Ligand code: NIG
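So this first bit is one chain, no partners, the form predicted on its own, shown in structure tokens.
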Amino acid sequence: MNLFIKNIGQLITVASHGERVKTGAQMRELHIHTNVSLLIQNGLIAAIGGSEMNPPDDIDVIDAEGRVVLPGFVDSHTHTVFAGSRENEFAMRSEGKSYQEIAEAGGGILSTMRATREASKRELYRTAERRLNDMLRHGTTTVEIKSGYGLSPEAEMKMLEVINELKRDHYSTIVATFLGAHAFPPEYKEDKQGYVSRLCDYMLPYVAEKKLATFVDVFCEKGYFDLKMTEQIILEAKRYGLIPKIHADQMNAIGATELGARHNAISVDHLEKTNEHGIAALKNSQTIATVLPGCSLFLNHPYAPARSMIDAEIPLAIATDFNPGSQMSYSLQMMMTLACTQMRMTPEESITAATLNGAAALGLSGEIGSIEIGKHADVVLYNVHDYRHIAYHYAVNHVWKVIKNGVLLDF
């Protein structure tokens, strides 16, 4: 589709000029154009011009009327496909129960596992589709989706097949991650290494052969997958051409961040308990630090040391971690507010983290994440007149219009 957007008050391009990510002080450089027009042709960004630029003949025109335009958000860490609901656990936490206590009582990941195993592919598809539609309404045009609530070969493949069907059908750009190493299923409670072997010897080769995922993730944490198991899984994943990610340092700093940096994981995510050793390891790597402020809010946990990581010039992304147990929000607008109020990030840094750097955490920053000539036209118009208002006026949806691959979506 071809579009011409005129009278843009602020065009926030987050231009990278060919660089994969922004780090350090660069994260504040949004490359803002005022009172401009934007031309989209064949689904790509074609031109940025002043108010004097005229639209070509026979092209649809959108009058932005002074509004703000940003690149579509890239949510690089979600668990969007699942069945069931866990509001009962939310109530338990309000009475003082911890995440681990709830898990030990039969809740947590295994609660969603039971519901997801029982759900049909059609049910999983339809509920995830509704969530993705709402994400688009909130400005998120690219979504990473993990498996991890099946925890058996059959149920994990069912989840990945649903993710790939959504990838085929939905307007959003969707990236699949295999998270079979999310928790240990009940049938392997007394044989954890046996489950790791099942992952490595059967599930990983199948995922790679069928091209069901781009990434492989592991929840590396006390009581879950230890360092040795995590390393075994990611080495096997790399052998099959799958790219590693790691849930790292969420509740304990056990060396997961350092392990991810050592093995060139594309990202390490969570990082609430990351210490100086983890920061030093990331500083000397190409691995992206992905922080999940909504999870800290929802669980009343400490926030990741985003300020220290940015100051150390570590590439940093923000994602929602949308999931049924520890983060029931898919609003990256809200995550930006939390980044600014709780993690000492600036509005500019939060925008970069939710766009270009989020795209880099999925290996896609050459195609999306910024508004630059030749990139995909993932463009969101906000009903504000200053970009800082998006994070400032929180818990509301400021999106006016969403354009995905040059197509104006009709909600």
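Everything numeric in this text was worked out from a predicted model, so none of it was measured. Residues carry their position along the shown sequence, with the first being 1.
Beyond the structure shown, there is the form predicted together with the ligand, which is absent from this document and is the topic of what follows.
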Answer option from T116, Q250, T290, T287, heavy atom within 4.5 Å of the ligand in the predicted complex | Q250
Identify, from the list T140, S267, N323, T274, the residue with a heavy atom within 4.5 Å of the ligand in the predicted complex.
-> N323
Is the gap between F184 and the ligand in the predicted complex 4.5 Å or less for some heavy atom pair?
-> no
Contact test in the predicted complex: C295 vs the ligand, heavy atoms, 4.5 Å = yes
Taking the shortest heavy atom distance, is F215 within 4.5 Å of the ligand in the predicted complex?
-> no
Y149: heavy atom within 4.5 Å of the ligand in the predicted complex?
-> yes
Segment that reaches the ligand in the predicted complex - one of 336-344, 169-177, 122-130, 242-250, heavy atoms within 4.5 Å = 242-250
Can you tell me which residues in 106-136 come within 4.5 angstroms of the ligand in the predicted complex, by heavy atoms?
-> I109
